[in-house]
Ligand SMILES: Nc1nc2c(c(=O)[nH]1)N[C@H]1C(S)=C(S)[C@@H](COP(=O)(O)OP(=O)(O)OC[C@H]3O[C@@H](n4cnc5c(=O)[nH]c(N)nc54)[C@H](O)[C@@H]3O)O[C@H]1N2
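Consider the single chain below, provided in structure tokens and representing the form predicted alone.
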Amino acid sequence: MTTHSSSANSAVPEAGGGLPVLQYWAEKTLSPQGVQIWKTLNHKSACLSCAWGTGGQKGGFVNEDGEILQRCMKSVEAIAAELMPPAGFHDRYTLAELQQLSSMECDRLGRLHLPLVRRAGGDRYEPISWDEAIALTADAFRDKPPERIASYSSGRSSNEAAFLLQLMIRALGSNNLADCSDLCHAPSTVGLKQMVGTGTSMVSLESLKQADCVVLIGSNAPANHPRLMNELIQLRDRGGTVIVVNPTVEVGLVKFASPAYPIKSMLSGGSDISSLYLQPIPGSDVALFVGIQKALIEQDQVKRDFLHTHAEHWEAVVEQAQSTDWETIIRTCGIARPEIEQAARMIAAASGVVFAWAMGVTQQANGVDNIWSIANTALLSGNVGKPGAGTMPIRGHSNVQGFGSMGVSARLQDPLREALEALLQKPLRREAGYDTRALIEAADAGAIETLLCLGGNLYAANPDHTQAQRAIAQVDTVVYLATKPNLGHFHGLGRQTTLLLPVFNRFENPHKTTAESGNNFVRLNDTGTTHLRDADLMAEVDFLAAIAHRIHGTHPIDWRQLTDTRYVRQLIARTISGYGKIGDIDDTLAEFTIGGRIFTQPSFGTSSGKAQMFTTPLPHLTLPSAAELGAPDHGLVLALGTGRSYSQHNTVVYRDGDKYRGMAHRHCILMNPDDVAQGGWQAGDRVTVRGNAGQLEHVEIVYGDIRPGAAMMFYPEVNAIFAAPIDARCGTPAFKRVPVAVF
């Protein structure tokens, strides 16, 4: 088990970024992996980390706008992790021993390099041939009722693999295509799709550079999307403003020292980022934005001519804001009226405002309402459908948006259904399949027989790890395609057979592939080679095509031909809306922005061409008593938000601790000093944190600039202790408002 040192006195830096970033780059450059890291950084492929895309045919350090030096420390972390030596755990450790590892320890085992199987009753993984692995997988899918097969995926892979995955599952008659996006940005997709006809960003990188105000909501961009900070620095340099909405004051959102600007940012101690920093009560974002709407109305700053011409149902939104009294708004969100009015004035004074957000607003019980309230504010202020303005969800995984574009979703939209029916020459099921949470519930009820996981960490990404482990254990056959071991491979074991199959990562792939950035730009990835000697890896498209061929044969398409990713791209061009240019990208090498998504004119992808607006009820925010959580009566009940640490990507932890928050290890709870005093503690004390599904003991208290009544702990570890409420419209759990008792 991992041991933890005290973090009570860990210093918080005065700015994000800065010298530690340069030190990390130097450390990795001088390491034995240094040459290979730099070779990979310059490889023409999209970054492995977040969806703020770089790479492609313009080069490894160049973004879609042609800017250089667009790689960050998270890129290096992800690459260094993939360049590790082979993981030989299967003949050294039992599964019981592997289940004692932390996420970081799992990652440090190294690269998966040969196919493995764990059979029923076995206490460890053992080698298996690819022929047998393919046969076992095909048999597990063949002749099964469609409702009893499923897949789960992450954005680690390519558009081509994603397209093959959904095509194979749809051809089997199932819509059970769960995806990691179900747990994060599904409210963005669902909410924006209904409002403007597309569930992605309506702002390109080029358009963002024309904004003079950014409202950044529920995001810790300095740690999770560091290259976005360059855009915010440039915006402030040209006289723009940044409004930050976050219950926690993240140091990098106050001041950030970017290595991309060594003189004006690094040597000056950091660039100012936030112009106004609002710390709402967790889960109260709707109230805050209704308040901003009310202030805009009272300041006579609502763009009524724009709304008359380009929006529908806006009158009801205005009426809601007008009729909601200030006392209710302030009590619900915890932000004083003068601050709300100041935010409204800053929005009204800007010529172009981009409203950007991450999981702080989507991972709530009313996540779709949060998105509607933000987009309503953008529309009321006239900041939609013009350059330098609009809504911009910030995607966290490098190709998670591409998976959605390829149709990896439990909800099969009619245009794609019709295109796939023509391709497959058969009707497809119209009923929605299982999203990620519904998949866990179905598996827990014994309703899933076969599960294929294309990347991801289904076990650890979910709340209530006890349920997740129990649910996956009811599935007869579980197949994992992965490059590195993670917690799910050791805790998420199938009832009869668990296959752990090693695949090439993006910069090693023998096939050319594509990936999509969060701003709708499609990158073409070059082929590559692996550093692993004598490794027995397989490309994901080769595996999926082999499975599909064994199941479906050659009718109505020759599935074996789908190992040719050029041919797959031609099928994508025929079936995926906005992706027509991908059909000849191999010849033109012309990377492109997907059609119909970037709105620089107020004409939207709805049936009327107008934006559809929705009223958003204010949430009634309450917390249970300590006794209701099974804790002692003296326990202090807080609204806990889960979060990543500084050196973490999704559930993968690269290094212990979080230097931005002054936390030396992961077994900590970040609390407001007033709450700590109320509980009779001080920084460094060890406490028990109890949720509605379990508890963690000996958790160290760390002081943080976080709103009173709120707290923060790291996922995936803290996911084990709670079962979160779900927004039924999108299936996303409320990870950012978890009632816990501290005692």
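Keep in mind it's a predicted model, so treat the numbers as computed, not measured. Numbers follow the displayed sequence, beginning with 1.
Just so you know, the form predicted in complex with the named molecule exists too; it's not on screen, but the next bit is about it.
- Out of the listed residues Asp369, Glu449, Glu591, Glu540, Glu540 is the one that sits within 4.5 Å of the named molecule in the predicted complex by at least one heavy atom.
- The contact with the named molecule in the predicted complex, taken as any heavy atom within 4.5 Å, belongs to Val245 out of Val203, Ala211, Val245, Ile273.
- Proximity of Thr483 to the named molecule in the predicted complex: non-hydrogen atoms within 4.5 Å are present.
- Using a 4.5 angstroms limit between non-hydrogen atoms, Arg569 is distant from the named molecule in the predicted complex.
- Interface residue remark: Val190 is not counted as part of the site for the named molecule in the predicted complex, having no heavy atom within 4.5 Å.
- Taking non-hydrogen atoms only, Thr477 never approaches the named molecule to within 4.5 angstroms in the predicted complex.
- Although the named molecule is omitted here, in the predicted complex all of Leu183, Gly218 and Gly360 have a heavy atom within 4.5 Å of it.
- Of the candidate stretches 502 to 510, 468 to 476, 591 to 599, 89 to 97, only 502 to 510 has residues with heavy atoms within 4.5 Å of the named molecule in the predicted complex.
- In the predicted complex, the residues of 440 to 458 lying within 4.5 Å of the named molecule by at least one heavy atom are, in order, Leu454, Gly455, Gly456, Asn457, Leu458.
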